[in-house]
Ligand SMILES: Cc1cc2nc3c(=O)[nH]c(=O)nc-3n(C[C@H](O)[C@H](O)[C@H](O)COP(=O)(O)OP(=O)(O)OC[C@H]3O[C@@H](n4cnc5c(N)ncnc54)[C@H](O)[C@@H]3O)c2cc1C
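A single chain, nothing else alongside it, follows as structure tokens in the form predicted on its own.
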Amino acid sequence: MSEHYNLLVIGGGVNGAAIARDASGRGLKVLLAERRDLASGTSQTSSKLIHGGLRYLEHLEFRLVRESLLEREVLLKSAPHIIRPLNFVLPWIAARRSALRVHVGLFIYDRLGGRGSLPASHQVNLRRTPWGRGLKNHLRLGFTYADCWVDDSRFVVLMAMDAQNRGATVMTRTDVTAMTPTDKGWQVTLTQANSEKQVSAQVVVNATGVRADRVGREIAGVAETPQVRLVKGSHIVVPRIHAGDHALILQNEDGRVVFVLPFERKFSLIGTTDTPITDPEREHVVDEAEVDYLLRAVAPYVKQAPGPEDVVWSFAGTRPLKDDGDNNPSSASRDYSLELSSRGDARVLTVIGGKITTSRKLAEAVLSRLAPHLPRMSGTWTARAKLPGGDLTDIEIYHDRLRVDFPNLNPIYLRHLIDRHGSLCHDILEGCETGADLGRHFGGDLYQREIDWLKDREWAVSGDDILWRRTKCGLQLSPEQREAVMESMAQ
């Protein structure tokens, strides 16, 4: 007899992980199935921001901005090791947006989210303050405001870990290849490597992102699926191009904005584009034209403008957005849509759109929508809960504690480890007395001890899982060192 679940969530991106976490914490028996690695699609290719979306105000999406700003505060408290406050500077150019328009936009932005822990926006003199370091001398007036930075792929992994800690079954490298409706829900075929497994599920959530339409039609057999438009967002990484720990938000000549974010200590992350595509197979391809677009957007602002030869890494992800008929991809709503379909007594809910910032609220909306078709659940809980490693009152105090408990380990290494694992560092380093106890050193701050943890506790299987999703150590390592990690994981 196949194992039965109250809820099967297909897709291990940010939405799927958030839904599985919330549902398992409410007492449901949950299975999360991801055909590749957690966060291996769009969720690892975001702009790494927890934000209200200042530019969404121009499209009058006040409800989405307010919800996002309120969530910003909730998420910041839930995982302070991977979600951190980040100040933004907007250098003003009169030809792009009027100063009054920027003032009004920031005034509304400050007040939509209510009183929170982040500072309010204000006007600054770029020539006389550190906010202007690295910017061209003719730029005098600027505006600052605050949002948050997030390690997006780690955010997804931590939600999956929390779901598992609360009883969920998490299966990666597992494809849902068949779904048959029954009088009790669904009979489901899971394919992992060359083996198949049968399970049953009362309700299914289709959170497969760009594949949602195909999974709905070809796997679940749902006749009508939501209309989706695919918009690719590309990013490039270059050596740091401005001083300070703040980010830049730059107004481009086409009316869009481009972010320049401090990234992995020595780099700047520049993004994003909004490129309509029809072929999901090109979702991870960063075109030469997109690189040129981002470089041209930055050049009018910074003294040391990067060129194509400075790009050390690039990545792209495709956002599946609800098709509202608007031909402008930048104005397409980033709000989410939930579509419930039935085949007899078998129900599948398809998730379209959404963003990292609102994933927790999306999960609550999904379970509210499905409540009539599921066993009685306990109430909402995630707004008050910490993610694994997030129970830190002060990161600096915790760093000092680690230095006392592990005096023979490099303090800089310990700080970098905290940035990935928070209070779980003590579990990872248990028994380490000297640097030799960390095992093989692959370069940068990547050691065998952490790799073993990522394999045992975080579903890491391949070198890419380690280098680009569980960590971003791939940026620190040489090609030879990255190959050594690949070979080690393949053994």
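Here the structure is a predicted model, which means the values were calculated and not measured. The numbering used is simple: start at 1 and walk along the sequence shown.
The protein also exists as the form predicted in complex with the ligand; that form is not presented, and the subsequent description refers to it.
The ligand is not shown here, but in the model of the complex it comes within 4.5 Å of a heavy atom of R211. In the model of the complex, the ligand lies farther than 4.5 Å from every heavy atom of R72.
Using a 4.5 angstroms limit between non-hydrogen atoms, V302 is distant from the ligand in the model of the complex. The shortest heavy atom separation between A207 and the ligand in the model of the complex is within 4.5 Å. Note on the interface: of 49-57, 439-447, 452-460, 421-429, the segment with non-hydrogen atoms within 4.5 angstroms of the ligand in the model of the complex is 49-57.
Between the ligand and the residues K355, R360, R154, H81, the one pair within 4.5 Å by heavy atoms in the model of the complex involves K355. Shown here without the ligand, the chain has G233, H235 in 233-252 lying with a heavy atom within 4.5 Å of that partner in the model of the complex.
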